[in-house]
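Coming up are structure 1 and structure 2: the same protein chain in two forms, each one given alone as structure tokens.
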Structure 1
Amino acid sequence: MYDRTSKTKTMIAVLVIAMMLAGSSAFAASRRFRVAYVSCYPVDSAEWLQALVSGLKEYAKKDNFEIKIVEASDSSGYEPKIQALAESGYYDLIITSYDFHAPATISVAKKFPNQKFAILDAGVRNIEQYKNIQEFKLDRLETAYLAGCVAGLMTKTGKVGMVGGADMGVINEIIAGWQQGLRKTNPKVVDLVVYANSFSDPSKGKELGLSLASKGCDIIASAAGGTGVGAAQAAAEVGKPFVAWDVHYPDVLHGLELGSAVNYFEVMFRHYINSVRAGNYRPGTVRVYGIAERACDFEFPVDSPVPDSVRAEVEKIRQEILDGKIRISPDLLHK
């Protein structure tokens, strides 16, 4: 009796040790790649961010990596939150967002030279001097260029208008692409640019849209978030075609939407995470994802009034972009 219990005890001990060994070896063999993404906006504040987060979670399952989403939307929380992630030493890659996080990321990256950092579209100055920060971003020029090509072919009066959210880098890049695209298909085009100075003021967007229409623009475009919805409503009110950014507006425009330059952040993130995982981490550089990676595209909605002949021409230009035959400058032609 006495003997048997001690035997059982030994057996249990051996079993436990064996299990621990097996567990740890299995753990070491398939340790998943761990990524933390620090968002500078609350996740529910924008549609693209929600799409990004849900897409990332899905891809994490499919591609077998671990993703942790952290919100650091308050400037006092930028550095402590990024630092806490780096201090944990748990993550293989920490991704932060936009110029909001740039100073905090730079200062934390200095303290943790062995931690890999990446930053989304921050325009970090002299990025080449940082040994553990890589920047990656969407190519907004290509889709804007295609949008311009479509509008250039579709305009009858030869005058088109663009409502931009604000006079800032990202929007001006879009407008630069748009202006060059317009001139590719319609060299004599006149294009007007207005800035709303707000991404959440549909009323202002509608006033600006109406004023563009009253100045003779027969196509209105807008890259301005919520302000852009107002511009779309203006286009619907005066019955002019509209070029959208980021989303489609079927219920507002009822067949007046020519197309939309849409972005797939989750696809870009997937590409980037997998490239780092494959050992292609290139600190001090900027990686750009465009239509070749399907991270963005110019899409025609189902009820788009764009005829097949125009679509064919645009497809040809799209192919030229993919083949690298067209160089698009990020500089505005005019404001």
Structure 2
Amino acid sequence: MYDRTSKTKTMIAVLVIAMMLAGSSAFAASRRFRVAYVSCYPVDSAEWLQALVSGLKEYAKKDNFEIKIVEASDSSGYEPKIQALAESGYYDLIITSYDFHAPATISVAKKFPNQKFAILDAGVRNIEQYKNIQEFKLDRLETAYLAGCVAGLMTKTGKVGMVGGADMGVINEIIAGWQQGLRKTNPKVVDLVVYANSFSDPSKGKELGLSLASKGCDIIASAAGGTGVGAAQAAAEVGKPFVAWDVHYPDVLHGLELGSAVNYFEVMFRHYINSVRAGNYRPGTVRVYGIAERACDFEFPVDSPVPDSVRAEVEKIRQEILDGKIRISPDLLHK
């Protein structure tokens, strides 16, 4: 006998399951990708970091992802803060910072093998052995090389100086690119390097900048975060051209800034976060973002004294970098 009631019940059950599946799919589609960024510096300690956080919040709205900023600038808080984020199970991606956070990130990642971790420019050794950590970074070599090319073309004494924030991997990579760029356009150039051992000490930056000027350097450069403004002040005081990193100093240098090796951290983070969202998470590898991705470049301020002839030469070199004709080593020529 035909059982109309049984068939009706079956149809209702199928409809309910379909509605549940549709609802869960809609939820999955509407759920925002969740990212936590752990900074090893206080956000208000550097202009580049403030720009990064501001840009991340803006992109989060445009790209429909959620971003949480956590400061872990004290070594005693590195691992507890990273682990608390992992334990919450809330975040699709946890991003940590530099070699400061590397040991803690590795430790926590081992405890939470299903959590995706990324680390910014840490130089993690044997990165290929980690199954849930990917490193990503800016191509600082490219912009530093261009900065060196400009200084090499502009020096009159053949002697230039660099104030580095610290004798560490990221800064030495910048100095390596700078030194090679200098020699690209001025093979006989002499370059001096000094380290401030601080990224937030303008007084130290000024002291070192004045010291370089007293040794005959007619161009001063600084890749030292907040310490760099002091080096710029030194250049302004003695009337020497200056090469900046990350920012411009129009109110300090008043036409003495040749240019700045600018880094768009927020653009790099946007690229990286969206690549992970798209399923391109590749643990055990390093992803590099450079001029081609518009994550960094060398930029002339409006009042730069660099003449058009030099700018044209630098543009040719820039194109050679994009075309893969120039290979830049991360190794220092000297300290």
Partner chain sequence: MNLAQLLHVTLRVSAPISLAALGGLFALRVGVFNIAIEGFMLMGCFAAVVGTHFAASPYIGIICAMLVSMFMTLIYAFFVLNLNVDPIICALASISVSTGLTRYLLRPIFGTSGRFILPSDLGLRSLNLPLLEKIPLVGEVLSGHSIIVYISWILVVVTYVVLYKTSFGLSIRATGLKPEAAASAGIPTRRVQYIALSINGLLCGLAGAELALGFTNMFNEGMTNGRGFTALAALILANSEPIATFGACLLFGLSEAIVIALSSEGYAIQLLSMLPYLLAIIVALLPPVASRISKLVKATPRQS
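What you see is a predicted model, and the numbers here were worked out from it, not measured in a lab. Note that the rigid core is defined as the largest set of C-alphas that superpose within 1.5 Å between two forms. For residue numbers, the reference is structure 1: its sequence is counted from 1.
Note on provenance: structure 2 matches the form predicted on its own. Annotation: Cα of Thr105 displaced by at least 2 Å between structures 1 and 2, core superposition. When two forms of a protein are overlaid on their rigid core, residues whose CA moves 2 Å or more are considered shifted, and Tyr78 is one of them between structures 1 and 2. Domain rotation between structures 1 and 2: smaller rigid part turned by 11 degrees relative to the larger, from C-alpha superpositions.
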